[in-house]
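Just one chain is shown here, as structure tokens, and it is the form predicted on its own.
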Amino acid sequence: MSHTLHRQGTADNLSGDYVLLAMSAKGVNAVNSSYALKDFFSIINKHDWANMGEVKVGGAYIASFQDIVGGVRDTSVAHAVFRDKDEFARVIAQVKKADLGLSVTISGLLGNLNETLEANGIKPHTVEVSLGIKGKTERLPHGDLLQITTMCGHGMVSQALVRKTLVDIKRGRVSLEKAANLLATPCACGIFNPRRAQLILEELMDTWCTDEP
């Protein structure tokens, strides 16, 4: 099960959100796998990524590429997220060609992912589908805000920060782009997609922050 699986949103804004992670398997091929993971990041960095990271170092909005790669260990999980479907397909093609021996998981709208895999001649051995959130859902943030907060699979981007960010944008304290980049900083894995967040923030400007202090 992946922490990248539970992103919420509309079909339109989720069509600009493609997550990729890679890892070795403990007890199988973990020893010296850091070299393959670093090669994986090198492939990512050749493309127009929206974010990337490794949880013990952080995402690309708080750490440099050199720091992220320098922090890779055999036990690391490498993450990246892309906004463009065609660019994502090119990354998948290069990862396949590199044959790094890593377990690779991708997340996104199933139809779009299937097209990418078929174009690259890849047949997935496992497909997981999120069934949503059960329990006291009334305690969750509003659905509008969940579109942003669920982009961090560990829940590190709080609804309070999103609300404050909306107010700051409304009052001209920060631009949409800078606000979206700021929201990406708590996400240690680097799977928060600030480009998608920027579009969502822009859509929410007219319906939120009217009664905020």
Partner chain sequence: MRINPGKCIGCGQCRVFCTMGCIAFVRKEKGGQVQCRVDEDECVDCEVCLRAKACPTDALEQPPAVWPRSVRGTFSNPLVTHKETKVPGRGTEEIKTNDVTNRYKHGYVGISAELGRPVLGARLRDAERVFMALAPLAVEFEKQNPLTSLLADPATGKLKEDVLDEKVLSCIVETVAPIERAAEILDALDKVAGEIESVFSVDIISRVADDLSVPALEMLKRGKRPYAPNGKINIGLGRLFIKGAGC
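None of the values given here were measured: they were computed from a predicted structure. Residue numbers count along the first chain shown, from 1.
The same protein also exists as the form predicted in complex with its partner chain; that form is not shown, yet it is the one meant from here on.
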> All three of S42, L176 and N193 touching its partner chain in the predicted bound form at 4.5 Å, heavy atom to heavy atom?
Replying inline: no
> Is G143 close to its partner chain in the predicted bound form, meaning a heavy atom pair under 4.5 Å apart or at it?
Replying inline: no
> Should M23 be classed as touching its partner chain in the predicted bound form when contacts are defined as heavy atoms within 4.5 Å?
Replying inline: yes
> Contact between L14 and its partner chain in the predicted bound form at 4.5 Å, heavy atoms?
Replying inline: yes
>> I'd like to know whether T150 contacts its partner chain in the predicted bound form, with contact meaning heavy atoms within 4.5 angstroms.
In response: yes
>> Suppose contact means any heavy atom within 4.5 Å; which members of 128 to 146 contact its partner chain in the predicted bound form?
In response: E128, V129, S130, L131, G132, I133, K134, G135, K136, T137, R139, L140, P141, L146
